[in-house]
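This document starts with one chain, in the form predicted on its own, laid out as structure tokens.
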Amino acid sequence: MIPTTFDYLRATDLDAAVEALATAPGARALAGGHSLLPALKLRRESAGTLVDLWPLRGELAGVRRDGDELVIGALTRYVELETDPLVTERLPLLAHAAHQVGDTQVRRRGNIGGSLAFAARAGDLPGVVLALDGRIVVQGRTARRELSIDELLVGDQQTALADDELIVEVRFPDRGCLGWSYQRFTRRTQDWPTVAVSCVRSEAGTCVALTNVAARAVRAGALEAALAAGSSPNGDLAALLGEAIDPVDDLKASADYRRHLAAVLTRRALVAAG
């Protein structure tokens, strides 16, 4: 299929991009395009105007340290996340997960901001950012604001972004890492995960986030609390996860199978993270 007719605008700077999103009819931001463009072709999504953000990579890409935080520009590509020295050293979970996304072509165009803004329930990075307590900086016409990843994610392909807002950077606390694991199950290597589990252990405790077991990535709060109290989940793991997850049946898996996968992958992740 082919998409319906739309206008194309190549943004010249951040202010122009935000202005276009606010004023152009049916404006949608185009970052990497690997999620939005197929959805447009299938007519699951529509756009009156595509605002191409790629020219903004000079101001919206890159990794830097800012005090006790690591800051990653929204247009930083997956291939850059998996190879950047600061990310591989301080956020190894993110570097590893970025390498699991799609194929080489996808990773050389897709980027962290686009993934979070599209907010697909099965997307790899929302759950990883959730486990790492990432905070999302967004720019609108009149103001810049900061959201927790919990505040940003609303549902499947739904976020708290206003129509005139763009993600400009993602900020992570630089806690160091005592152990981590990213466990994902797919039918084919390049698929979005049927279920995935992100686990990171630091001096602040153990964080566990699950992907594709609810309408959005979720934290396993009851499990984290049990681990913080020194409990070993053992046979109670499924019950602890059951408070956080609400899987659905689809062509890839039944809800019951997703519950089973969530428990199996979480146990593996906890063992691997130490």
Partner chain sequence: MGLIGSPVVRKEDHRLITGQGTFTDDLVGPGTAVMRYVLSPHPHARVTAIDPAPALALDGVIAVHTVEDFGDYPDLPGPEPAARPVLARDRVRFHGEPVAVVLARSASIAADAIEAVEVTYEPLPAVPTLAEALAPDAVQLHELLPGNRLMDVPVDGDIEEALAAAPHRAELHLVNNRCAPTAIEPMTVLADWTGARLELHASFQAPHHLRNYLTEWLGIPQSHCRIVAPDVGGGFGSKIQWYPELFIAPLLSRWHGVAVRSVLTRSEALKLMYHGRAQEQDIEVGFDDEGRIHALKMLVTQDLGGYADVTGAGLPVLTTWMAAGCYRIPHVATGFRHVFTTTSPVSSYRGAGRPEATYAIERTIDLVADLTGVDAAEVRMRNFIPPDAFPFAQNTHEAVVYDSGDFPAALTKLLELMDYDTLKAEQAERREDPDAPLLGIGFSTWLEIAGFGPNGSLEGFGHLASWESVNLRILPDGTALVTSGTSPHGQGHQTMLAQIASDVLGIEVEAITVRHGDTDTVQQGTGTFGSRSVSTAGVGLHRAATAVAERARRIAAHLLEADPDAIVLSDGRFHRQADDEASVGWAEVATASFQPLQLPEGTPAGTLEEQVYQESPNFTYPSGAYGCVVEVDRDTGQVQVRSYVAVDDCGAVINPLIADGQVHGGMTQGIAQALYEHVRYDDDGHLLTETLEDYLVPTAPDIPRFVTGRADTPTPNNELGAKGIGESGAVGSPPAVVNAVIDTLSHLGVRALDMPVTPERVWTALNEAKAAR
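Numbering follows the first chain given and starts at 1. Everything numeric in this text was worked out from a predicted model, so none of it was measured.
The same protein has a further form, the form predicted in complex with the partner chain, not shown here; the description that follows concerns it.
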Heavy atom within 4.5 Å of the partner chain in the predicted bound form: which of Ser148, Thr88, Gln158, Gln190? Gln190
At 4.5 Å between heavy atoms, is Ala225 in contact with the partner chain in the predicted bound form? no
Might Phe172 be said to contact the partner chain in the predicted bound form, defining contact as any heavy atom within 4.5 Å? no
In the predicted bound form, does Leu261 have a heavy atom within 4.5 Å of the partner chain? yes
Would Arg64 count as touching the partner chain in the predicted bound form under a 4.5 Å heavy atom rule? no
Check Arg28, Phe118 and Ser202: does every one of them have a heavy atom within 4.5 Å of the partner chain in the predicted bound form? no
Choose from 64-72, 238-246, 217-225, 40-48 the stretch whose residues reach within 4.5 Å of the partner chain in the predicted bound form, heavy atoms counted. 40-48
In the predicted bound form: members of 241-262 within 4.5 Å of the partner chain, any heavy atom: Leu251, Lys252, Ala253, Ser254, Asp256, Tyr257, His260, Leu261
